[in-house]
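Provided below as structure tokens are two forms of one protein chain, presented individually as structure 1 and structure 2.
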Structure 1
Amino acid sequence: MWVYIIRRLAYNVPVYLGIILLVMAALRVNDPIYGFLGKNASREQYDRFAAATGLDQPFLVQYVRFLGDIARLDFTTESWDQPGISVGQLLSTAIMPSLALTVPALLLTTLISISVGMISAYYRGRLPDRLLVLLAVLGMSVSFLVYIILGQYFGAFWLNRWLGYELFAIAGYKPGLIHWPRYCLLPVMISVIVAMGYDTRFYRAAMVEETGKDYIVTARAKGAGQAKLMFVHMLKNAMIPIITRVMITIPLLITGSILLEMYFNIPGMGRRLILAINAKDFPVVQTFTAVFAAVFIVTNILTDVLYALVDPRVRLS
């Protein structure tokens, strides 16, 4: 098992090096210094700024330095837009709000979608199934932004007016578990609803695929009941497509959380990144992208490990 994990890690190292390379190159397509200082900055101004930020060095030197910073988890580079504040400080305040959105969203999405997918597969071809499939397809065809706008209106404005007190905050964020439901539950619910459109269809297909398998017939021939078949025999086999799907859902949720953070004013990593982009705050954009990619790669490795745990064929090969 350990060998397997180390192999996966080693495999992802060149991928990560490549990500940093591509990101750094892309960010330099359009000169970041002119972007920040404005097109009319004088030559001296430019040179002074470049020297101060190390952007006058050859690309390779910058690349190695940045890699070094990341490897040492050294995020002391200063933000351009907010002088005196390091990227690391921005990062550390932004991580918790982001996690408070994505982790519950991931768990809830997966649980609910699998259940709904299984219900749909159970009623396959009958009315509840058709209804659910129709809803899922309709749900998939509406933009995320519409869910957010309407979700905020009905979940916050309308509901609060109707109830007479503020159940969900319209926007904003406060740290701490007691404040979580007030500020984060509504965005999480919105992102669960959006993701469900995609996921239930997939989980339904995964379960339906299982129904036709020979070993399911064998299990029925042994006298297994419907519940046992679905929750034990099929679910454990469907775990592989399910894990794959969860992995596909993670970047979707990151995307979703960026939008939700923007819209609900939650000071997470996505909001920081977008603000930095609007302010042309180059070091923040570069570092945040690198961190996003790192988080994502770690989840990839985790999924590979999960595969191995679920499927004896992977583990033993």
Structure 2
Amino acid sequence: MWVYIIRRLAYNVPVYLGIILLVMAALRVNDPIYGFLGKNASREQYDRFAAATGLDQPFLVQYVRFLGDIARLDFTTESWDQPGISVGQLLSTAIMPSLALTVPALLLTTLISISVGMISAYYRGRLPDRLLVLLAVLGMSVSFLVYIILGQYFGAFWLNRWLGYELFAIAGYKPGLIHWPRYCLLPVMISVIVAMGYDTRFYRAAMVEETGKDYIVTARAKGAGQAKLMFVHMLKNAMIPIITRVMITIPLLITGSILLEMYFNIPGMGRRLILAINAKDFPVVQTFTAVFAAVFIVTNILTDVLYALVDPRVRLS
């Protein structure tokens, strides 16, 4: 297995280098220095800023230098928008707020959606199944922004039950586990409600597809009950699509939910990236994009490894 992992990593090195090359080239289509300083900046200001940031060097030199920083995990480059603060500091302070929102949302969504999908498949074609599918479709049909607005009004304003993340910082508190329900429960609930509609239908379709397989027909002919078929045989064999669905979501744990972080003032990765884009904070945008690309590549490799672990029919070849 380790040989396979190393081989996949080697295959993805050119892909990652290409992604970094395209990102750096795209960020330089318009001059980032004039974008940050403004079009009225003098030539002296331009040259001084270019020399200080290394943008006066040829593109290939900048590319190799940035790759070297990534290889050494050196994120000490200073933010343009926040002088004195490195990109690494912004990165480290933004990860935990994102994880405090996305990890609980992923766990709850996965557990609830798989359970509801299995129940719906168990009662396929009957009233419980139709009601659950109807609720899933309704959940998918309503815009994410509608849930956010309703949640903010009824949860934060009307009930005055949940506070924003930054209010704790303003009050002198450091948001921790004990305060988590007050600053993160509402956006997590919104995220779960929105994602459940899509995930429930996906997991139901995966379970229904398994009902026609030969091993189910054989087990049923041997006298296995419907509950055992659903919750023992079918669940085990449906792990491949379940893993696929979960692993697709994992990179979003790092990138964060941009809409939720922006509307609830959660200083996570998604919000930090949007603020950096608006502020033309070139080093932050470049580094965050490189980190996100690495997370996606590692997740793809991990997905294949998990396939082989849960299903002996899959071989790492």
Partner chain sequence: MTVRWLQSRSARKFFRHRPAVVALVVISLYLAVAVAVLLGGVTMEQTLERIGPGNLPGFQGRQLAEKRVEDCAMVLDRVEKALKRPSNLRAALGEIRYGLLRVADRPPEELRALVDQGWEIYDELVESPDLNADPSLLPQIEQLERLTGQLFAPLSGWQSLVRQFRLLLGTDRQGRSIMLRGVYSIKVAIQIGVITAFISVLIGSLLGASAAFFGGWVDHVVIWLYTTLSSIPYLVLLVVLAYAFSGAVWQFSLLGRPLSVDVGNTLIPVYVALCATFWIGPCRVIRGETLKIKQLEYVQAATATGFGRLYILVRHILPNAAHLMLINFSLLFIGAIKSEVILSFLGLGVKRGPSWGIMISHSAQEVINGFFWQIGAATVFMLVLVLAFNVLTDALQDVFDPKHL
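Rigid core (definition): largest C-alpha set, two forms, superposition within 1.5 Å. This is a predicted model, so every value here is computed, not measured. Residue numbering: structure 1 sequence, from 1.
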Q. Do you reckon the form predicted alone is 1 or 2?
A. 2
Q.
After a rigid core superposition, would you say the CA of Pro241 moves by 2 angstroms or more between structure 1 and structure 2, or not?
A. no
Q) With both forms fit on the core, has Gly88 moved 2 Å or more by CA between structure 1 and structure 2? A) no
Q | Cα shift between structure 1 and structure 2 at Gly139, which is computed once both forms share a superposed rigid core (Å) | A | 2.3
